[in-house]
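Just one chain follows, in the form predicted alone, and it is written as structure tokens.
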């Protein structure tokens, strides 16, 4: 580690911050995110009440340089909107190289951006950070997985877009028997049902040992739509306690990957 890097808890560089900006916007349903720099990469986490938790993962191999001090925990709260705005400071059509620096606890996150098409132009941004609250631990290791589906993200996005907006509850029925997947939405007046057999072009793999019925707020499931729009595939996992996990993969042009992950807590029957 060189002398400049050793002054900081965390430093990172990447050739373009554009994909990172897209990934952040995909989980931007709350003002603030918990920023966590781990040896294996960056993680941003947002929560809605105790019902939805979304995380964006940027593995370390997406960076040209990446250093985290191993004697400290690099975790703080930061405005997602401000960070995304800074990453997009030269406009959505402009590729800009990015450097990030975080000196110590309580200090701002420093960004240095340089547009690739304009030489000798550079901008610095300092983003205020706060002490992070603890992140909910929604996963229960004692609850086994009861179903797993791998779906094509664009097709699943189309399905969610077609659901009735007047409905407020989504019921997901999974079964080893045909039709395998049925999605029912309903509210005060409307009810609709979509069936998706495992032979559908949307379904890349299907695993379900016994029938499962799960209910969620449709609003909570719709929070994944921005992430779906930039992803290639989505892995849907259901635990025996009804917790829904959606893992979305975003592939960059250089074949490196970034991920987003959504945990959604089920509705309890009366």
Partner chain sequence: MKCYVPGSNVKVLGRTVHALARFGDELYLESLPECMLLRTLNAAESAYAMVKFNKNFFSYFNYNYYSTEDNEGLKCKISMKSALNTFKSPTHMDKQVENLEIKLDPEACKLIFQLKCKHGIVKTHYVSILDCKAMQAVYTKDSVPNRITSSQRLLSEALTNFQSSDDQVTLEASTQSFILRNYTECSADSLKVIRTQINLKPLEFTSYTIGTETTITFTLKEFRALLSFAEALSLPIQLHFETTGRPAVFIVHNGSTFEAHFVLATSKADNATQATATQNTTIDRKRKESSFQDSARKKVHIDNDISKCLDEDSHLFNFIDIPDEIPPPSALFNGDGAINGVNEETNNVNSSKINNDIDSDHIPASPTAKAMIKSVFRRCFESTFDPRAIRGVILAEDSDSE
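It should be emphasised that the depicted structure is a prediction, and the values quoted were computed from it without experimental measurement. Positions refer to the first chain, counted from 1.
FYI, the form predicted in complex with the partner chain isn't displayed, but the following is about it.
Student: Contact between residue 189 and the partner chain in the model of the complex at 4.5 Å, heavy atoms?
Tutor: Looking in the model of the complex, residue contacts with the partner chain include residue 189, since a heavy atom lies within 4.5 Å.
Student: In the model of the complex, does residue 162 come within 4.5 Å of the partner chain, counting heavy atoms only?
Tutor: Residue-level check for residue 162: yes, a contact with the partner chain.
Student: Decide whether residue 153 counts as a contact residue for the partner chain in the model of the complex under a heavy atom distance cut-off of 4.5 Å.
Tutor: Contact with the partner chain, no.
Student: My question is simply whether residue 194 lines the interface with the partner chain in the model of the complex - judged by any non-hydrogen atom within 4.5 Å.
Tutor: Contact with the partner chain, yes.
Student: The partner chain isn't shown here, but in the model of the complex, which of 238 to 246, 36 to 44, 49 to 57, 197 to 205 has heavy atoms within 4.5 Å of it?
Tutor: Partner-contacting stretch among the options: 197 to 205.
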